[in-house]
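There is one chain below, alone, in structure tokens, taken in the form predicted alone.
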């Protein structure tokens, strides 16, 4: 079974600073699907993503890439299979093109010059992430959203089979939020990539994901389609606030609205 999976967590646990942040999580991702990790702050989403991508060694259980335990792979071998676009910006004198070219290091090494196929991969990655026009700009001169897209381009330049995206729409305006989420779906559905994305926006998760994993307190509360997971009862249990769940008027996906303790006055019919 595992050989048909791009990514798998078996009884995965992670400890940070002596505190268990992720506890016995089981999940699997197949090629061609988008899995969204959602949950409140401190739920363990980023920690789980880092453990899946061989950035953080788990304290228990195992993470597998294409059926192989990820920590049995060397870092370069793993980086040819999985790429992580992390949160946060980068303080560096590098230009955008130079940063994205670092994504070729797992395939090319650090010392050899880029070959023609490497340069083509870098160009494709910058185009897909929408930073081609920024290629010669230093990273320090970019906005937070522009840096996020450059980091995404670096991950795409690795040409991975599995892509891990940590809050990829944070600091992006509406146009680029749509572009990044649409790219995630196309990478999965058109290119056969497995995409795992952490999101705080539940409506974005409903729109982009084939399946949703809901975390709270480091535990996996629910795993299934958006309609199965994004229910009023399950979300209230995870987030501790009441919500109303309706139907998106265009796409038919769950549409989540928080319910405020003090009801605002109605402003539309």
Partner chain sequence: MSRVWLQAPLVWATVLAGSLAVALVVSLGVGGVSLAPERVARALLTPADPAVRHADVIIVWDLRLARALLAALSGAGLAAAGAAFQGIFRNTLADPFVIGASGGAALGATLAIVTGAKGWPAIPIPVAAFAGSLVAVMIVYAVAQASGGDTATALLLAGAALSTLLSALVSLLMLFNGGQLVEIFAWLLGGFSGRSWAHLATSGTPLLLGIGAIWLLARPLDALASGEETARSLGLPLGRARGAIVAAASLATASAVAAGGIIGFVGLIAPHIARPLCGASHARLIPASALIGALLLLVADSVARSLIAPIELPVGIVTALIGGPFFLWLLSRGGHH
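Residue numbers count along the first chain shown, from 1. Since the structure is predicted, the reported quantities are computational estimates derived from the model, not experimental observations.
Only in words, not in the display: the form predicted in complex with its partner chain, which the text now covers.
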Touches its partner chain in the predicted complex: residue 132 (any heavy atom, 4.5 Å): no
Heavy atom of residue 76 within 4.5 Å of its partner chain in the predicted complex: yes
Distance check, residue 86 to its partner chain in the predicted complex, heavy atom within 4.5 Å: yes
Residue 154 within 4.5 Å of its partner chain in the predicted complex, heavy atoms: yes
Options 141-149, 171-179, 185-193, 113-121; stretch whose heavy atom lies within 4.5 Å of its partner chain in the predicted complex: 113-121
Interface residues of 71-99 toward its partner chain, as seen in the predicted complex [heavy atoms, 4.5 Å]: 75, 76, 79, 84, 86, 90, 91, 92, 93, 94, 98, 99
